[in-house]
Ligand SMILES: Nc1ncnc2c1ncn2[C@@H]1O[C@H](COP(=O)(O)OP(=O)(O)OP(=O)(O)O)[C@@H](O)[C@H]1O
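Starting off, we have a lone chain in the form predicted alone, written out as structure tokens.
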Amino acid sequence: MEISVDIQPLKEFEETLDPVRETACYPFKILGYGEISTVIEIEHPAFRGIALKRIPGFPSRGAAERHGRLYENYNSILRGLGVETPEYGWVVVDRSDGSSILYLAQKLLPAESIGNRAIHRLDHEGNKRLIYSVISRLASIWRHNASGGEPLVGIDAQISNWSIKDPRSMELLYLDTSTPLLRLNGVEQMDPEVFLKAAPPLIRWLLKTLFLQEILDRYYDPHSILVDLVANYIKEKRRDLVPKLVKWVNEELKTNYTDLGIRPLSLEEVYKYYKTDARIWSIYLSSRKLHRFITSKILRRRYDYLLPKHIER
């Protein structure tokens, strides 16, 4: 590992963290929210220049450590396929209540370099170069998968998961390695319960029964990944770019990636996908907030997840 995390101040932080009130012994800033993790920056000398992804919900320390090792392996595999990732590390913090929290460390990058910020700064030509650069990195993964390489590698290619390392050459770093999407002999190596634990009990059952496999499968399917990538521009307030993105992606697939046999995108499916996805995740967030209220206010128990106040769609 390339980043060593000082566990003592992190343990002090975790023991005093109130996820509902968003307070702790050390001030912290929330940099982003995921389905299972929250990215934070803790104001302490030990964590200067480090972004920390906090993942609760593991049934044991061993389960948290296994996810940490998968995270390490996923970074290594992506780099081997030409998808560069930031410097990283991980550590498990054991709380006094017996729970184990996994912290994934990543080098803190300039906010303006992150894709969802950059797309507002770049002109049309810059956005075109950015999307081509993303596709070129995805293609290395898809060719590995198509050749029968093991393990099978999945990826969440949303634009907010990329950082522009060099605007001139459009070199990129891939950020979202906290969800190690790897399948060995067709078996998901990450325990899906990590996803499910973050959901309220009723929603957890529905997700597992109706949606979980479909959600995971989309990260291994090139066409679905590209639809999600383009649709993400709507969430990031660049709806004006969507028709151009569909055109650019289809032209690039036809010119440089015919060997992958990826179906072209249509504008209609991108809008339909976004509308459905936005509705699902809006319901999901609302249910998590209700679960937080019931757990912390009515049952008077600790609620362990940091939640966004709202997600703009």
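Residue indices: 1-based, along the sequence shown. What you see is a predicted model, and the numbers here were worked out from it, not measured in a lab.
Only in words, not in the display: the form predicted in complex with the ligand, which the text now covers.
- Remark: residue 36 counts among the residues lining the ligand in the predicted complex, judged by a heavy atom distance of 4.5 Å or less.
- Residue contact with the ligand in the predicted complex: residue 68 places no heavy atom within 4.5 Å of it.
- Contact annotation for residue 178: at least one heavy atom lies within 4.5 Å of the ligand in the predicted complex.
- In the predicted complex, residue 107 approaches the ligand with a heavy atom inside 4.5 Å.
- Checked against the ligand in the predicted complex, the residues 207, 114, 234, 92 give one hit for a heavy atom within 4.5 Å, which is 114.
- The single contact residue among 262, 278, 31, 63, judged by any heavy atom lying within 4.5 Å of the ligand in the predicted complex, is 31.
- The chain is drawn here without the ligand; in the predicted complex, the stretch among 222 to 230, 196 to 204, 153 to 161, 126 to 134 whose residues come within 4.5 Å of it by any heavy atom is 153 to 161.
- Using a 4.5 Å cut-off on any heavy atom, the residues of 39 to 56 that reach the ligand in the predicted complex are, in sequence order, 39, 51, 53.
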